[in-house]
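Quick setup: one chain, the form predicted on its own, written in structure tokens, and binding and motion questions come after.
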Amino acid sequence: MIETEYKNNVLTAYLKGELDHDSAAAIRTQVDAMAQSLRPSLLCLDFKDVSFMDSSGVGLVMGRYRRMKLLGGALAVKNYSDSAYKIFAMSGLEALGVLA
């Protein structure tokens, strides 16, 4: 469901499969724990292998954005599909400057 990599103070979470309410909760728990312990300057969420996403994906991104702000870091979202981009843009994530 998720693989992570920590390199040069960047924590990258490679998301895989379907991103719905249940999977988002598990991802949130894992990513938040790692971000809390590692305190990266950047958390990168990579959506390359996400096959489906509902509004839970937006919630996941927004929550990680807030969490990284509290930790003094930043968030980037990359490799998202065109359909995910539309959902992100409609929800205002594009205005936050997190879409890479």
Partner chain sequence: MKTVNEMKLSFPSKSCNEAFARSAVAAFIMNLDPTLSELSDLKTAVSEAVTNCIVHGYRRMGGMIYISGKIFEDGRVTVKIRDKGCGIENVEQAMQPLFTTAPDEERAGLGFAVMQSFCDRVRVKSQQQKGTTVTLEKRIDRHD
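Numbering follows the first chain given and starts at 1. The model shown is predicted, which means the values in this text are computed figures rather than measured ones.
As for the form predicted in complex with the partner chain, it is not shown, yet the points below apply to it.
> When the partner chain is placed as it is in the predicted bound form, are E18, K86 and S91 each within 4.5 Å of it, taking any non-hydrogen atom of the residue?
So, yes: the whole triplet contacts the partner chain.
> Let me know the one among S55, S37, Q30, S41 whose heavy atoms come within 4.5 Å of the partner chain in the predicted bound form, would you?
After the contact test, the surviving option is S55.
> Does the partner chain get within 4.5 angstroms of any non-hydrogen atom of G73 in the predicted bound form?
Answer no; every heavy atom of G73 is more than 4.5 Å from the partner chain in the predicted bound form.
> Should M68 be classed as touching the partner chain in the predicted bound form when contacts are defined as heavy atoms within 4.5 Å?
M68: no, not in contact with the partner chain in the predicted bound form.
> Do L45 and the partner chain come within 4.5 Å of each other in the predicted bound form, heavy atoms counted?
Contact check for L45: no, nothing within 4.5 Å of the partner chain in the predicted bound form.
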